[in-house]
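First, one chain by itself in structure tokens, the form predicted on its own.
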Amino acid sequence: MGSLGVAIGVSWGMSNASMEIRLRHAEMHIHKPAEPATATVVKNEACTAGKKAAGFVRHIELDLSGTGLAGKCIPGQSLGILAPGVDGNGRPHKPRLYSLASPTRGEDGHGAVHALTVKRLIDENPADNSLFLGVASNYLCGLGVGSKVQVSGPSGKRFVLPVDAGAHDFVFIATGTGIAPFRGMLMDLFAGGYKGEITLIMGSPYATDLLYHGQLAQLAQEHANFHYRTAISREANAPHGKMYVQDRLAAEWPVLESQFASGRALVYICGIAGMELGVFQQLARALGPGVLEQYLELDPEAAGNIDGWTRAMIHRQVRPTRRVFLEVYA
């Protein structure tokens, strides 16, 4: 899940057994909010590509040693952060979910230290023009090394890699902090000697907002089967002009088409709610009969008016199958 507070995980699949993908086992709710684990901050650093990024995003590593979470977390899951204090009603703050950005082995190689990718939520209240600060995100981003944090989880079992990863090619599509789970997944795949094809499309408003850019570019240099592509939406002088993730998907289609046609491709989408609409529209335009049905089920009305789709139609008239994994957050 993302790191802007309350996250919305969405998944839908066809009932056809042939579409089922066997996923890695994911343990959940080892530490519930009522009995959280205590983690220790061991690193807190910026993870944007430039110092002049539009937002403040931190890579925060938590040592989970001695808790039930150590060795139990896998990429695609999230941890709940319990910020201290109470809300406006005098109740303790509810957990905010943040995607794990680490591989199964963790940052330490033993599964005890896991990272979160956290963007400070700073906004303006339209009612009175006062400044609004996200409770958990600003709490986390302000912590120093050695600080203690109350943690619950892990949560999530549907946005994880399949057991037989080698039988598939992967198309990862991310915006903003939605890159977090893919960082961990990539590290798991390469550590396991994965030989298939991976395309990662990373979208951001400006090049300075790209997260983990140096590390991802290095992985692309080291692994010929990993194709790292960016989509910069607000820079006219970007290498390929202004584009969103669906535009980059279209540009990469000559390479990706055979992977979809072969039935090997799985699509994972993570980022701000709404990004999935353009991606689904591009898939509907590009995939031919007999292939499209493996990824999207369309009602007749939707099939006849792709340009007219709205987000409200997703999961109703436009239904992703089990070959599409969706995690979006508000």
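The numbering used is simple: start at 1 and walk along the sequence shown. This one's a predicted model, so the numbers in the text were calculated from it and none came from an experiment.
The discussion below concerns the form predicted in complex with ligand A2P, not included here.
Only one of Gln246, Gln150, Gln259, Thr104 comes within 4.5 Å of ligand A2P in the predicted complex through a heavy atom, and that residue is Gln246. Note on the partner interface in the predicted complex: the residue among Ser137, Thr175, Thr117, Ser78 having a heavy atom within 4.5 angstroms of ligand A2P is Thr175.
The shortest heavy atom separation between Gly184 and ligand A2P in the predicted complex exceeds 4.5 Å. Heavy atoms of Pro205 reach within 4.5 Å of ligand A2P in the predicted complex, making it an interface residue.
Contact annotation: His110 falls outside 4.5 Å of ligand A2P in the predicted complex, judged by heavy atom distances. Looking at Arg234, you'd find a heavy atom of it within 4.5 angstroms of ligand A2P in the predicted complex. Residues within 4.5 angstroms of ligand A2P in the predicted complex, judged by any non-hydrogen atom, belong to 269-277 and to none of the other stretches in 35-43, 59-67, 290-298, 269-277.
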